[in-house]
Ligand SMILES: Cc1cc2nc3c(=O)[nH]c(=O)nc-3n(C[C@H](O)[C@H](O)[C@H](O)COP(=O)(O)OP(=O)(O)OC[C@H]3O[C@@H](n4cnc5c(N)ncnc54)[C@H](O)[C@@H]3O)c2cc1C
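Only one chain is included here, represented as structure tokens and corresponding to the form predicted alone.
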Amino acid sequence: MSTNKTYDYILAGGGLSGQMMALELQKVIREDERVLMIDKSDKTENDRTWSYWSTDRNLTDVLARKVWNQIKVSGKDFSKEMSIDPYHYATIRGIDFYNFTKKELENDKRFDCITAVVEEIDETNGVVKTTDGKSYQGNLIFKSYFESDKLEIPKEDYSVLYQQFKGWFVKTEEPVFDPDTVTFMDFSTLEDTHETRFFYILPFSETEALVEYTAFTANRMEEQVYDDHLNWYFKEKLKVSNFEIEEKEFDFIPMTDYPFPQKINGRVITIGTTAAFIKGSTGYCFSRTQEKIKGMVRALSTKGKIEESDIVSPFHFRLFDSAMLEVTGKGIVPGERFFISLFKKMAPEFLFRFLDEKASMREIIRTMFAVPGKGKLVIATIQKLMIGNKI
């Protein structure tokens, strides 16, 4: 088989994890090494927005559209504004991140970036074939594109939810929003439900914001359902009738404890969604992806190889995620009660550290006993251990 060119590293997929991998490799590879990034899109449109909490200001200071230091959480009988110091909460537009990466790589002769669709990866020979008939040889291939239509998870063994959301980027005539505070979770809804459903507001100014309706649901809902909830929220909660929708987003994120088959041997290593870079219990991925990519590149530059421990989260965090998905996904503990209880009893700094998988075992146990129905959560945790599921 003839190939167009041979590379030391091929990034098959140029989304968040692929571009973060390129930025980290740029810091450590030699002058004579070569990297190819392949993506089906030329990344000239704003196809998504990432929001995240972090103490690291590196990308935040360069790329964030807006940064907040305070959040608000509201339920039927609870509403509180909270400082998140030493964390900050930020949002980055996809197009700004893509343009930043392009600028960083455009004059680096070690990198080639092409727009093409990957058709097949020959793991044995390290060859990536594209649908335009070309093929590229790679000593190490990082596969990050997500084939959702091929995702088959045995639901009798694993929890599977979708974080499905629709957001409106709006501009109002009158001041409506508090530009200093993110509405992190507002559990006001049209109806009572055992599912986790809430509104979320990123205020860019007093008159501009992203207002989003989010549902953690086992069954994906029609887009009109989200529009109905958003219209209700503006009318009944925000008391706003005159506003302009400047942009919309509608998407879903898989939330599961399924152990995606992880390739860490040979020439192919999976990264991104199919390497469980999305936090199963929350759906957040930006900071998590950045940290996992940094760990992988650090291992590559110091040990010359990447091992499972450099990618996979510690078992006790995966176990808690699995139990949490079990009790909230099946309505054993309603989502509102679960999350409101955590914010009532725990400081945001602690919760963010816990969700970032930096908490101690003692802190994990403390968190488990802070939620309502803690006995059910403990039982779910034990069941996950006893039935032998690999999570």
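Here the structure is a predicted model, which means the values were calculated and not measured. Quick note: we count residues from 1 along the sequence shown, nothing fancier.
This protein has a second form, the form predicted together with the named molecule, left out of what is shown; the following refers to that one.
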query	finding
Selected contact from Asp251, Glu206, Glu236, Glu247, since only one has a non-hydrogen atom within 4.5 angstroms of the named molecule in the model of the complex	Asp251
Heavy atom within 4.5 Å of the named molecule in the model of the complex - residue from Ala218, Leu319, Val118, Met221	Val118
Exercise: Gln137 in contact with the named molecule in the model of the complex, heavy atom 4.5 Å	no
Exercise: Ile269 in contact with the named molecule in the model of the complex, heavy atom 4.5 Å	no
In the model of the complex, Arg34 touching the named molecule (heavy atom, 4.5 Å)	no
The named molecule contact at Leu351 in the model of the complex, heavy atom, 4.5 Å	no
Residue stretch of 320-328, 37-45, 63-71, 340-348 approaching the named molecule in the model of the complex, non-hydrogen atom distance within 4.5 Å	37-45
Residues from 268-298 in contact with the named molecule (non-hydrogen atom within 4.5 Å) in the model of the complex	Gly272, Thr273, Ile278, Gly283, Tyr284, Cys285, Phe286
